[in-house]
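In the form predicted alone, a lone chain appears below as structure tokens.
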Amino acid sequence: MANKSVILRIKRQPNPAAKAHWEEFELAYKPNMNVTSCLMEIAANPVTREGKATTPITYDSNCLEEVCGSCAMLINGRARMACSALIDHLEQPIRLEPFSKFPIVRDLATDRSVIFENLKAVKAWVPVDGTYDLGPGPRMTQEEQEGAYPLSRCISCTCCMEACPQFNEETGFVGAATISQVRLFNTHPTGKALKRERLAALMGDGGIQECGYAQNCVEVCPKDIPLTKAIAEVGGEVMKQAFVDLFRR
């Protein structure tokens, strides 16, 4: 086991205007290694497999326990979290690439702020009247809580958006994560005050009609969120709202 090594092939790009290139690194194997720990080792000694000195790999990371959603990248061609990608379960050489559908910042880091703009567009929050203490809110039944909890696990990692064939510049599709949050807040006793506005936001360009139900989002979601079920339910609500609005004019 002492002679076992880990080989990583990493796609690098120093800035958005530069041409991308690949670098290979070889590390000594340690039990329970994940992709993030490998990137940390490279940062401590940034030397390629050929012995050439280079710079540490730029990547996003924070919690190291699949909670923050920061370290999402393409690992062997699949959108996933670097912190939970165990080396023992990956085929070598391990290929690391930045997400392809977001603007590159540097190396494995991309600008995924579009998801937060989408969440703002659908008002993905519970509205409150001021900043003072409002006291306890409406009670939710155990059944309601259990139904909402899976949707609340979203960590905004954007893996679902990267894997979605409908998410691109031409469609402007908001993506499965945003739609599932519409479902979450529309079922909340206080959050549903903005239900009509959220559904209306999904009727325009890039709205729910862009979804082709490829189901790639469910396959890659690290939190096992029932995304296609949420999309189907919200789709039905959008149709009902559109029908009501038609006769309200």
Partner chain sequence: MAAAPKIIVVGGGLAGLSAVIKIAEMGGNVDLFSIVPVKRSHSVCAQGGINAAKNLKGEGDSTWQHFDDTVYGGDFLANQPPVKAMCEAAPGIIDLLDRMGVPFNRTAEGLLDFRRFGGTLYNRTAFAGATTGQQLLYALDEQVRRYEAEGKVKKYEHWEFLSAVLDGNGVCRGICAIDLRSMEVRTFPADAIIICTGGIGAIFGKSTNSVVCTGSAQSALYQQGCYYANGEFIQVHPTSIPGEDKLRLMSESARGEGGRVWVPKKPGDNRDPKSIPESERWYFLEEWYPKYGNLVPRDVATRAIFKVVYEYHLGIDGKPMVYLDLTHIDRKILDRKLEGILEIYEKFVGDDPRVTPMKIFPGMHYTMGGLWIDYKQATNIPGIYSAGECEYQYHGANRLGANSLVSCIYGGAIAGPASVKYAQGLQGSSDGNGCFEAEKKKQEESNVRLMNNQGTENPFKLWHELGELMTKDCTVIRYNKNLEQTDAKLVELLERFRKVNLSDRTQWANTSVVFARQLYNMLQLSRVIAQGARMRDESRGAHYKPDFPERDDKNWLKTTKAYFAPDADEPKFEFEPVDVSLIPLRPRKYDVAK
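Residue numbers count along the first chain shown, from 1. Remember, it's a predicted structure, so these values are computed and weren't measured experimentally.
This next part talks about the form predicted in complex with its partner chain, which is not shown.
Using a 4.5 angstroms limit between non-hydrogen atoms, residue 186 is distant from its partner chain in the predicted bound form. The closest heavy atom approach of residue 30 to its partner chain in the predicted bound form falls within 4.5 Å. Although the partner is absent here, residue 92 is not a contact residue: none of its heavy atoms lies within 4.5 angstroms of its partner chain in the predicted bound form. Among heavy atoms of residue 66, some come within 4.5 Å of its partner chain in the predicted bound form.
Applying a 4.5 Å heavy atom cutoff to its partner chain in the predicted bound form picks out 83, 84, 86, 105, 106, 110, 111 from 74-111, in order along the sequence.
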